[in-house]
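Form predicted alone, single chain, as structure tokens, below.
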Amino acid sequence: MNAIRSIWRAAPVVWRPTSFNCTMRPLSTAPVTIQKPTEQVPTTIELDKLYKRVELEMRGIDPAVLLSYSWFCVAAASHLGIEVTKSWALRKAEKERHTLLRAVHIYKKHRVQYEIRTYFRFVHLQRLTGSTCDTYLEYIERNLPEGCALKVTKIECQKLPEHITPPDNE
């Protein structure tokens, strides 16, 4: 086996053409006629949506996680060049209390109260295109931490209907 490897290394195979008299034939000799298509393909350009404002409402049970996530959303918006107009939180958490009896059958006086606190944060973004908005929302939704919820409200700019425009004055 070693003898074969040494022979292989000692005598490299180099391909050299024996003659340089190659005849090249043309790719095509007949003239080619180009026919125009008979049907016109309708070219419709779909315009991107414009949003006047996008409102993000974040809910969570841990205020520190919610604050960190809102910072992340604002930082991601600034990297994409999105204008953040407002970012704030409610002063107090929303409390939901449930009162239960300790014992089901007796001791009506002995009760236990459970409380669930929900914290809110809001972020308002202005002047977005549809593609930028979709990209941004997908990115922040994929990085949504556990225990947090996100509600998005979009306010879209639309063209005025024809029946609202003023009539032409002659």
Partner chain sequence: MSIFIRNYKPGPLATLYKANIWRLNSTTAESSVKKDEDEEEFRVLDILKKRDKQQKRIVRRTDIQPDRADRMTENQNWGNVWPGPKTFHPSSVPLPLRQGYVPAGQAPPAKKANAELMKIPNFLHLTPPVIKSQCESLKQFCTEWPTLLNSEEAIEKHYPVEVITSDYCHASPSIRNPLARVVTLRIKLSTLDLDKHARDKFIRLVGDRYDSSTDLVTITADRCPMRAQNLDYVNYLLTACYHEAWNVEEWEKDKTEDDMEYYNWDNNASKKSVVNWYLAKRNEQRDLTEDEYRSYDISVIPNAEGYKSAVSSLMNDGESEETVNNYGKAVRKLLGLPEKMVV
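Positions refer to the first chain, counted from 1. Basically, rigid core = biggest C-alpha set you can superpose within 1.5 Å across the two forms. Since we're looking at a predicted model, the values are computed, not measured.
The discussion below concerns the form predicted together with the partner chain, not included here.
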| query | finding |
| --- | --- |
| Partner contact for Q113 in the model of the complex: the partner chain, 4.5 angstroms, heavy atom | no |
| Interface membership of Y139, the partner chain in the model of the complex, 4.5 Å heavy atom rule | yes |
| Interface membership of F122, the partner chain in the model of the complex, 4.5 Å heavy atom rule | no |
| Non-hydrogen atom contact T135 with the partner chain in the model of the complex at 4.5 angstroms | yes |
| The partner chain in the model of the complex - contacting residues of 57-88, heavy atom within 4.5 Å | D62, V65, S68, Y69, F72, A75, A76, H79, L80 |
| Rigid core superposition, G147 Cα moves 2 angstroms or more between this form and the one not shown | no |
